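Encoded as structure tokens, the following chain is the form predicted on its own, with no partner shown.
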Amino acid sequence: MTERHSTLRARRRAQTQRTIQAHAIRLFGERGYDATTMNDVAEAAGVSPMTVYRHFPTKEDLVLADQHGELIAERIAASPAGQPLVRRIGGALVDAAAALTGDDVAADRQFLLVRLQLMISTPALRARHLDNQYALQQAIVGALDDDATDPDAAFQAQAAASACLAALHTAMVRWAEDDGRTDLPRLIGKALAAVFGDDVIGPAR
């Protein structure tokens, strides 16, 4: 019974976080990041300011907090271990982008677009975004499940993850500048191909 209650609490907490963040991103997009307060977000989400701060300690966290790293890590972990590192990582990045921006998830696509545009246009968020990139890099390296005791293997995994994330960032900036009109998975594939060659994400993509 205790485990069930714990699971229900975790689900409610996650749902509350999603609700608060969705309202925050909407308000930031409509009014501007600087013009929107944490109290504004709380009022829109129908919760107390204390609840907002409990889930998002800073205003920047309202934009930067995400679970996309988990999605990418899961797809990397499920990929064949014998494939080249950049193919495993690149394929996961393209697949995750497709899952987040498909026609059946229009609301998620708009949320991702506004969130990304905020990160690009707001100086305070640009600086914190680097922390997110590092955390994502570490999640990718962990998902590759290479021998952590081998310094060369760890270095190669970190280098591959860093290079793939640089290509991802370039593609996402272009997508944001195009106001989401282009196909994000295709842009990511093109960016990866520009760096690693046309076959980086495999012939089936």
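Note that the structure is a prediction, hence the values are computed from the model and not measured. All residue numbers are counted from 1 along the displayed sequence.
Not on display, but discussed next: the form predicted in complex with a further copy of the same chain.
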**Asked** residue 74 near a further copy of the same chain in the predicted complex, any heavy atom under 4.5 Å?
**Response** no
**Item:** Heavy atom of residue 39 within 4.5 Å of a further copy of the same chain in the predicted complex
**Value:** no
**Message:** I'd like to know if residue 179 sits close to a further copy of the same chain in the predicted complex, meaning any non-hydrogen atom pair within 4.5 angstroms.
**Reply:** no
**Message:** So in the predicted complex, is a further copy of the same chain close enough to residue 81 to count as touching (4.5 Å, heavy atoms)?
**Reply:** no
**Prompt:** Looking at a further copy of the same chain in the predicted complex, do all three of 126, 151 and 159 come within 4.5 Å of it through at least one heavy atom?
**Reply:** yes
